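Alright, here's a single protein chain in two forms, structure 1 and structure 2, each given by itself as structure tokens.
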Structure 1
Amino acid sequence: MVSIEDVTAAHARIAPYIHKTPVMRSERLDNIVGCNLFFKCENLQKAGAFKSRGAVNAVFSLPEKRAKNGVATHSSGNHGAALARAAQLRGISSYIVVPNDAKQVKKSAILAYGAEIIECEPTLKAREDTLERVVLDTGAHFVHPYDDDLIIAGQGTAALELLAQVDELDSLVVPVGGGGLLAGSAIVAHPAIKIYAAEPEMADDAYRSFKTGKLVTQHIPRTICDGLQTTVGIRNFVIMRDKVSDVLLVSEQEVIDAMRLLWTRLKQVVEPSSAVTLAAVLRNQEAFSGKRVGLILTGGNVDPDNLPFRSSI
């Protein structure tokens, strides 16, 4: 299992290539939910998301022999852009398998960092099959989007920073898709801090896995939270089962309402996948009443012409 020492080492390794993102507050939001909220703004991170942390850690940990043919992965967007950027920083090639329904803003970001995009059907099997062919053709090293020790350690640096920036948190709320950020956050959190995963009802594999103790490996998500559509990784599930207090579900409308609140009160435009954290606190206010709550806003790569709350502005 990844240790806190692995996360600390990752933080030192990636420090020259990432932002130490700010923690923001909103008195109005505190009053609405009845607790003290501390937002770790990874939407302001390099490449627009926390994924830069894990990608840089993974790429710069590779020995030259494994890095020389480049790196490859499959991604709905943010991990792909982050890996492409990390590869560009190291001066190696990158190959990103992307579902053909991925957001154009995310595909454009991947291309901007010099990667080659290979499109496939929007299923996990198609992504994995296409990636296998790419790796065979190029000899590139596969960097898993979330089920990888180096990725988990890198993603955990966001919570490591947050805990250094804010004293005495009672709870930490983290979105869960593949579970890399959740696992990394749980590793660095003090045992007294309750870790909550936030997940859309329309992509509830982590919730079902957590409640039954049996990892769900196949499901069909129907959510606007495109960054949370993957199933939880095996490594990540082991950590989640051991260290996470609960998985909190939210509706699609609750996500949209939270996005709008973050824009109007915090002045931050975030992805739906980020807004699940605030949505989870809003829905479960009794669990957080009077507490000091950290929330990780994971990304800000949204199309400004296609915001789900634009019609209500």
Structure 2
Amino acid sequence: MVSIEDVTAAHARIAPYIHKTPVMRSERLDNIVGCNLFFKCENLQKAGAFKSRGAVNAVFSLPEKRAKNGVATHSSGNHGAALARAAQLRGISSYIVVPNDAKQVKKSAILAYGAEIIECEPTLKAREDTLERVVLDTGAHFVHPYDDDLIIAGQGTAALELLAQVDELDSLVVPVGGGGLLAGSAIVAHPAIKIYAAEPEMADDAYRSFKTGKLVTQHIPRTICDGLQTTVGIRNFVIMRDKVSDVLLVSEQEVIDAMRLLWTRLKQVVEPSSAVTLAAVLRNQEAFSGKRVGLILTGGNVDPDNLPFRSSI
């Protein structure tokens, strides 16, 4: 299992290639919510998301022999762009398998970092089959988006920084998709700090896994939080089960409301997947009342032409 020393080592490894992102606050938002909120702005991270941390850690940890044929993954989102960027920084190839219905803006971001894109049908099976073929053809090393110790250690560096930037946090609220960021955060936080996972009701596999103690691997999510559609990985689930206080569910409308509040009050336009944390605090105000609460704003890659609240309300 990943240790806090792994996260510290990851932080030293990735520091030259990532931003130490700022922590932002808003008095007016604190007044609305009734507690003290500290936002770790990974939306301002390189490539626009915390995924840069894990990707750089994974790519720069590879021995020369494993790295020389490049890296590969399947992702239409931030992990794909982050891995492409990390590979470019190390000077190796990257191969990103992307469903053929992915938005052009997402593909452009991946291409901008010099990756080769391989399109496939938009099903999990097609993704996995295509990735397997790419790995066989190229000899590239597969970097899993979350169920990977190096990725978990890399993502944990965001919370590591936050805990150094802000004293005496009572709790930490982190979105859960595959669980890389959640697991990494749980590893670095002192046991006195309560860790909460925030998840959309429409993609509640982490909630059901946590409540039943049995990992849910099959589900069909339908949420505007496109970064949280994956199911929790097994490594991530084990850490979550041990260290997380609760999984807090939020509705799609609560996500939109939180996204708008972050926009108008904090002046940060974040992805719906990032807004789940504030939505979870708003829905559980009594639990957080008067507390010092850290929230990780995970990504800022919001397409101006595709705001989720335009089409849904």
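Every residue number counts along structure 1's sequence, beginning with 1. Keep in mind it's a predicted model, so treat the numbers as computed, not measured. Heads up, when I say rigid core I mean the largest set of C-alphas that superpose within 1.5 Å between the two forms.
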Open item on the list: Only one of structures 1 and 2 is the form predicted on its own; identify it.
Closed with: 1
Open item on the list: Relative to the superposed rigid core, does Pro122 relocate between structures 1 and 2 - that is, does its Cα move 2 Å or more?
Closed with: yes
